[in-house]
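The data below hold one chain only, encoded as structure tokens and taken in the form predicted on its own.
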């Protein structure tokens, strides 16, 4: 009797043929499991996609549509606005308000971020020592962050009032002349900067303190044994290890500060003249600051802000990839 012919794998051909049909059900079950997993993943992803489309993509599309058409109050209601192309962008770039608004925005953003980050990092390093009452003091530093911006801005408006503010009262008590913080073109931008820096310090403190908590204590102990001073430990250990946290903190601070509106509007309304007018304030003034709102120009200013934020976000992503490649 002839033996069954065996293929190269050693299994008889008859047995291999008998086993072949059983792979079909196994494969189909595997495909059903994979398909079910994919549908489940899409089910969880669908609400996020719907949220982003409804509250981000559609408003952005409407803002772009506003900026490339010539909208009036009547056409805004009826929806029949003529196409204008880039005429609205050329108009805002040629407007005399654009240059001071752009300069004020740059000064407001970069000065706020620099002081908020430096002070927040210093406080985080200070509280990282875990001395007595450090938890209570950290909680007190969170108060400016927890207060509504309306309350914070109103409080600073009262404190910096030229006639009855406590800041000018203190200056007079020490023999200095009072300052018109909110009504002087020289000091109005500085006044809103002080308020914004005070409000943003707790955010930087919390993020940087969390980053410090992630650094192993053994690193600092080894540096102390090697004789490193406090400044050397900070500059050569703490700061480099906090670089990823610092980068995301600066990016979030930039995006948040770029669109600050309520603090400036409550304290100075962008004045006097254009001394504290930023792009966000100017966009609001074009939309709702007059009896004849210019919605198209306001949308164009808003899109300029979006482009600036996207450019800096791309710079951050590129810099992050370079750091990870090192």
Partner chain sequence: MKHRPAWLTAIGVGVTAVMLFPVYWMVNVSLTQTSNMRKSPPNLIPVDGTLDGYTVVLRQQLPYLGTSLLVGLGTVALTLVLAAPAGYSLAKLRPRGGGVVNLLLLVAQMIPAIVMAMGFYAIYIKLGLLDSVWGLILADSTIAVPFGVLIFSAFMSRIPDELLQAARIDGAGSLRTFGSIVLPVSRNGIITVSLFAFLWAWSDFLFANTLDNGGSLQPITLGIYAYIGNNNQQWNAIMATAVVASVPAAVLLVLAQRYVAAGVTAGAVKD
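Positions refer to the first chain, counted from 1. Values in this document were obtained by computation on a predicted structure and should not be read as measured data.
Another form exists, predicted together with its partner chain; not displayed. Remarks below refer to it.
Review point. Here the chain is shown alone; which of 115, 234, 198, 89 has a heavy atom within 4.5 Å of its partner chain in the model of the complex?
Key: The option sitting close enough to the partner is 198.
**Study point:** The unique member of 151, 106, 222, 171 whose heavy atoms fall within 4.5 Å of its partner chain in the model of the complex
**Key:** When its partner chain is considered in the model of the complex, the option within 4.5 Å is 151.
Review point. Okay, which stretch from 125-133, 92-100, 226-234, 107-115 lines its partner chain in the model of the complex, with non-hydrogen atoms inside 4.5 Å?
Key: Result of the contact check: 125-133.
Review point. Taking heavy atoms only, is residue 313 within 4.5 angstroms of its partner chain in the model of the complex?
Key: Yes, contact at 4.5 Å.
Review point. Are any of the heavy atoms in residue 287 no more than 4.5 Å from a heavy atom of its partner chain in the model of the complex?
Key: Result yes; residue 287 sits at the interface with its partner chain in the model of the complex.
**Study point:** Touches its partner chain in the model of the complex: residue 144 (any heavy atom, 4.5 Å)
**Key:** Residue-level check for residue 144: yes, a contact with its partner chain.
Review point. Should residue 207 be classed as touching its partner chain in the model of the complex when contacts are defined as heavy atoms within 4.5 Å?
Key: Heavy-atom contact with its partner chain at 4.5 Å: present for residue 207.
Review point. Taking 81, 191 and 193 as a possible spot, do all three reach its partner chain in the model of the complex with a heavy atom inside 4.5 Å?
Key: No, the candidate spot makes no contact with its partner chain.
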